[in-house]
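A single chain, nothing else alongside it, follows as C-alpha cells in the form predicted on its own.
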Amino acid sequence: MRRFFGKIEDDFAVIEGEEFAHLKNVLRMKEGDQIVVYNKSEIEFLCKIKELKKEFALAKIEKQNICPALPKKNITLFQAVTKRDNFELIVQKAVELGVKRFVPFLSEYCSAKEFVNKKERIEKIVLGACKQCECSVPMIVENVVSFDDMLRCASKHNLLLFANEREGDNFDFLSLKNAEDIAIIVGPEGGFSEIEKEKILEINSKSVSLGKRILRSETASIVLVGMVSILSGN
C-alpha cells in the first residue's frame, strides 16, 4: 500500500505538491487505487483515490486507525554534524529505528560545518523514511546547535548515553527496558576532544563502549540507536 503525506479535510484527503507529483507522474496511480495518507498525526487514513486534478489528488477516507509503528519511548539523538552523505544516512536510519527527536550539533572536530543550513533537505529525508517504515509522525529535527547548547539540552533527559569509544563503562543495556526518556550523544568523524569528553561526563552521562574497534560516526549512531530501540521495547 503506497503512503503519502497530505491534508485531511472532512471525509477526504488532499495530496498536493511533491507528494502529488510522485503519486501521479512517478507511480502513475489512478482513480480507484487505494492509498494510506498521513497528516503528521498519530492517525493513519486508508483512502481510495476519487479524483486526479491538475495540481492535487482527492481521496475518500474509508477507514482510520492509530498508526501501529509509532515509537513507544522518547528517544532523542544528539548527533555531531558529519559529511553530508553520512549525515543523511544517520537521519534516515534514526527515523526507521524510532527516534523521536534529532538534534545536530557542532563540536571541535566537526569536518562538515557547511552542512548547517540543510534542514529543508533533511526534513524531506525524514518524510521519505517515515513512508518507508510506515510511521505517521515524522521525527522532529532541530536546528544545529553549539556544543554547549547541546550539553544543556542533553542534561535534561532522565537517561543519557554517551558513545565513548574504548572508554565506555560496562553499561547494563537490559536496564533500558524500564527507561522511558533516553538520550544518546554521538560525536563527529574526528571524535571528541578530551575537554569535550570531560564536559559530557560532567552532566551525568553513562559512557557506553561499542567494542574495541573504533567505529565510524554513522556506524556508531546506527548501532547504538538500534540497540537502545530494541532493548527498550521502542
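Quick note: we count residues from 1 along the sequence shown, nothing fancier. These figures come from a predicted structure and were not determined experimentally.
The discussion below concerns the form predicted in complex with another copy of the chain, not included here.
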Quiz item: For the spot marked by V144, M150 and E196, is every residue within 4.5 Å of another copy of the chain in the predicted bound form through some heavy atom?
Solution: no
Quiz item: Would K72 count as touching another copy of the chain in the predicted bound form under a 4.5 Å heavy atom rule?
Solution: yes
Quiz item: Using 4.5 Å between non-hydrogen atoms, is I214 touching another copy of the chain in the predicted bound form?
Solution: yes
Quiz item: Wondering, does I222 line up within 4.5 Å of another copy of the chain in the predicted bound form on heavy atoms?
Solution: yes
Practice problem: Give a yes or no for V14: in the predicted bound form, does one of its heavy atoms lie within 4.5 Å of a heavy atom belonging to another copy of the chain? | Solution: no
Practice problem: With another copy of the chain left out of view, choose which of K118, R84, K93, R101 has a non-hydrogen atom within 4.5 angstroms of it in the predicted bound form. | Solution: K93
Practice problem: Within 4.5 Å of another copy of the chain in the predicted bound form, counting heavy atoms only, one of 103-111, 131-139, 76-84, 153-161 shows up; tell me which. | Solution: 131-139
